[in-house]
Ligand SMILES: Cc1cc2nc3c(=O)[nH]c(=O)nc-3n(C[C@H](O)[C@H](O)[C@H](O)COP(=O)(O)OP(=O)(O)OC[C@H]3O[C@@H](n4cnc5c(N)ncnc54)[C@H](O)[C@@H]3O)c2cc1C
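Next up is one chain by itself, shown in structure tokens, the form predicted alone.
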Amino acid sequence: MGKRILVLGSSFGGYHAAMRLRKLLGSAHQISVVSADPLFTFTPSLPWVALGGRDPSAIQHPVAARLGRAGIRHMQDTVTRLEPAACRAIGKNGVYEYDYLVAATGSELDFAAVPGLDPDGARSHALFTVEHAMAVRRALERLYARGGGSIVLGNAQGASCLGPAYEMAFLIDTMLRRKKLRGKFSISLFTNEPFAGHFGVGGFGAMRRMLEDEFTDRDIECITSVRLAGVSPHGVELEGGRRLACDLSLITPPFYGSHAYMGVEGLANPRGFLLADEFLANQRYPNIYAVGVSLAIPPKEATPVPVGVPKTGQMTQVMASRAAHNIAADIQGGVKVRVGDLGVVCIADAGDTAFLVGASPLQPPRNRLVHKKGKIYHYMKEAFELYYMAHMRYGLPMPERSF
């Protein structure tokens, strides 16, 4: 009898897990995907949308069509509770039973962690959806029209997706210089990291000095190891009493995993990130696998201000492939593979240049570390976006890449 495999989420982790499962299991087993968003969004390009360099349609594609061609059913719904003992997920629109489950729901944004942080309050901005990006674009256009102002970017305490603040600081600087307006604007960046380029993993060698030099050359103030106290009509308030006056702020909040996973003993940590073993399976409920941001990865070391461990799209795709392999091994028999020491490859655009980082494993000490700077990496990031979206639209092959 065929197994029912339920995948929660349809972004990098959920999409690739479902497609890999279909390839490994054939048509004998039922694979279903439940996600709140009907569109796949290539989130690494959201800074370009915010700066006006991309139309949202260029980085989005209906996920149901792509999954449907592979014989995978997609249901649009938000899962509000997981009942692992009964092997079912409870959504707003239905109940979904399963034999195996892949949790790839990404994150929930904890805007309530700091007063005034929620973009709906019109005091600050974020950059995690197309709607967020378009709101930032409109705010920047208003500032350009004014001909001057102050811009603050930052990472709140507990934040783990730290790169976009750096990218936006450098991209805005480049845009202002191209418009001959840079001398009329101040740009500041604050971060929960103990130093620039820590990124929740202890840094990437000399990347720290590269970023510090970049901030100095661009006249961007960088404030490290700081907590955000609040965002008020008067500016960004940091703990210790310092206030950063701003006409526009863009701040990364801390994450939850999912409230749907909370309150079940042995399933998730208090923030709703799933606990898993070296095979990505939950130890109490071994038919549940965690992929991407949904997975709890503790930091290797404590920092003065809490910093989360990032999970990039590339890391998530590797996890999705290995979780799919292990589910197939459970069902068909075979050797399961360990996650091992996950590596990371990331490109951060800076407008007139870009930074490439590669590390294996993610946290030090490492077997391999690469960090480079150059305009060519900007073009590499553009090329990867184009290929990835062609993969989503037309089914071009997408091999697993690790570092």
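We number the residues from 1 along the sequence you see. Computed from a prediction, not measured in an experiment: that's the story for all the values here.
Just so you know, the form predicted in complex with this ligand exists too; it's not on screen, but the next bit is about it.
Interface membership of residue 77, defined by any non-hydrogen atom within 4.5 Å of this ligand in the predicted complex, is confirmed.
Shown alone here, residue 253 lies farther than 4.5 Å from this ligand in the predicted complex, counting heavy atoms only. Of the heavy atoms in residue 128, some are within 4.5 Å of this ligand in the predicted complex. Within 4.5 Å of some heavy atom of this ligand in the predicted complex lies at least one heavy atom of residue 43. Checking 154, 197, 292, 308 against this ligand in the predicted complex, a heavy atom within 4.5 Å turns up for just one residue: 292. Each of 105, 314 and 346 comes within 4.5 Å of this ligand in the predicted complex, counting any heavy atom. Partner contact region in the predicted complex: 158-166, out of 201-209, 158-166, 186-194, 241-249, criterion any non-hydrogen atom within 4.5 Å of this ligand. Shown here without this ligand, the chain has 9, 10, 11, 12, 13, 14 in 1-23 lying with a heavy atom within 4.5 Å of that partner in the predicted complex.
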